[in-house]
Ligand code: GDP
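Next comes just one chain, in structure tokens: the form predicted alone.
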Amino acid sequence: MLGQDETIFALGTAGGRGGIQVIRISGAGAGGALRALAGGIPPPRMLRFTAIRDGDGALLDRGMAVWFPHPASPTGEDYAELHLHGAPQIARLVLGALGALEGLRLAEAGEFTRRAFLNGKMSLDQAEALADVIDADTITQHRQAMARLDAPLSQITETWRAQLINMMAQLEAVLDFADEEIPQNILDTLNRELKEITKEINDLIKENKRGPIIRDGINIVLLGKPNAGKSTFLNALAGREEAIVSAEAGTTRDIINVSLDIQGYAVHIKDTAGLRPTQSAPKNAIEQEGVRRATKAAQQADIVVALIEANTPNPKTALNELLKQAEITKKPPIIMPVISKADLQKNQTTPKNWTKISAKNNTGLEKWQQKLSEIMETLIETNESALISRQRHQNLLKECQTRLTQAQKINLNKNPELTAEELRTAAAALGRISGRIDVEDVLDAIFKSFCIGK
């Protein structure tokens, strides 16, 4: 763990030229740094125009300095900012001057936010929400992340944790009088509260499956026979040549992934190797590996776009054969059947609820995207922002759910100590969501996703 007794500094704005740049300083030496470079400490939370000089007194810039004494600061420590002209050379000079001061060092990635968490300025799920705000590429990702900045999830989970701790305290009091039976009114109250909390957690898990999908993006796999038009379709969606297009079958061997913003949703579209009919399976080892990867990708997809070439006899039968080859009959993803190469279509009726496209002529793509948008809205279920946005949250809630379910199977009157242990484990799982307990193992992974200076 990085030492909090050290004073850290970093450029808090993006590098390069701009109108302004901000250098952040946090730690016990922040005030001394202001005295050394800005000639003094301004009144708290008030910007003061001042000359910025290095240790030799050379003028580096004229800008604004602001001071936040602890604990009323972004990090909970003594904290300062220098607002400077946005020239890269100025940043290098000022950062060099700060680095020359005793006890100051350049911050690690995410270290300012980490200190804010460790000093109680934000919960762990708030820090994760902040990372998601920074990383958001679409309006739905941004909306969901912003809705979580006030830590609504940890507010709920900490309420549940407090209830579980209260229940544990009641059981501990009972255990002190082990020779006596638990009064019926206490039994009834504990059982009722246990069922209520379990139901509320179950409902939260069920209603928030969409959160990780919005955050991580919707995985779409293009599936079809060789030369079904998958690569041409991908290039048309991307607006650039991402995949090689050739009349020769089997040109796509590896999976090609393109990330797009479609109707405000983050979408990851994968072009895969063509699946040949069973009786003509590929003999080439490389193509066989491509088919294996295509099958695996299809099984893990949220949506499979199955491309059936125009003029294929019995397109529905061809679709069923394609899905059978991909082995996605069990727990299948959403299937979106498409007639490809529609410019070649001759006297063929398009099956109901199918779409048809011609990527070559750029026709049908807008209608396909509208259909996809409707499917994605069904997948995500609601326009409300999800409280659960990370797999970590889901795993901890499910762990709590499992422990509470197990607790309800125990005879509370005969084995109150076993019930108390299940409640303790359940409460610990909830505490790890907000970061109240035992989260050292996840801190590095979370805060290293931030940039330096955040």
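All residue numbers are counted from 1 along the displayed sequence. What you are looking at is a predicted structure, and each value in this text was computed from that prediction instead of being measured.
Below, we turn to the form predicted in complex with ligand GDP, even though it does not appear here.
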| request: Sort through 340-348, 120-128, 77-85, 194-202 and report the only stretch with a non-hydrogen atom within 4.5 Å of ligand GDP in the model of the complex. | output: 340-348
| query | Leu171, Val267, Met376, Ala359: which sits within 4.5 Å of ligand GDP in the model of the complex by any heavy atom? | reply | Ala359
| query | Considering ligand GDP in the model of the complex, which of Thr355, Thr232, Gln141, Thr113 comes within 4.5 Å of it through any heavy atom? | reply | Thr232
| message | Please tell me whether any heavy atom belonging to Ala306 falls inside 4.5 Å of a heavy atom of ligand GDP, as the geometry stands in the model of the complex. | response | no
| message | Given that ligand GDP is not shown alongside this chain, does Ser154 nevertheless sit within 4.5 Å of it in the model of the complex, heavy atom to heavy atom? | response | no
| Do Arg148 and ligand GDP share at least one heavy atom pair within 4.5 Å in the model of the complex? | no
| Taking the shortest heavy atom distance, is Arg161 within 4.5 Å of ligand GDP in the model of the complex? | no
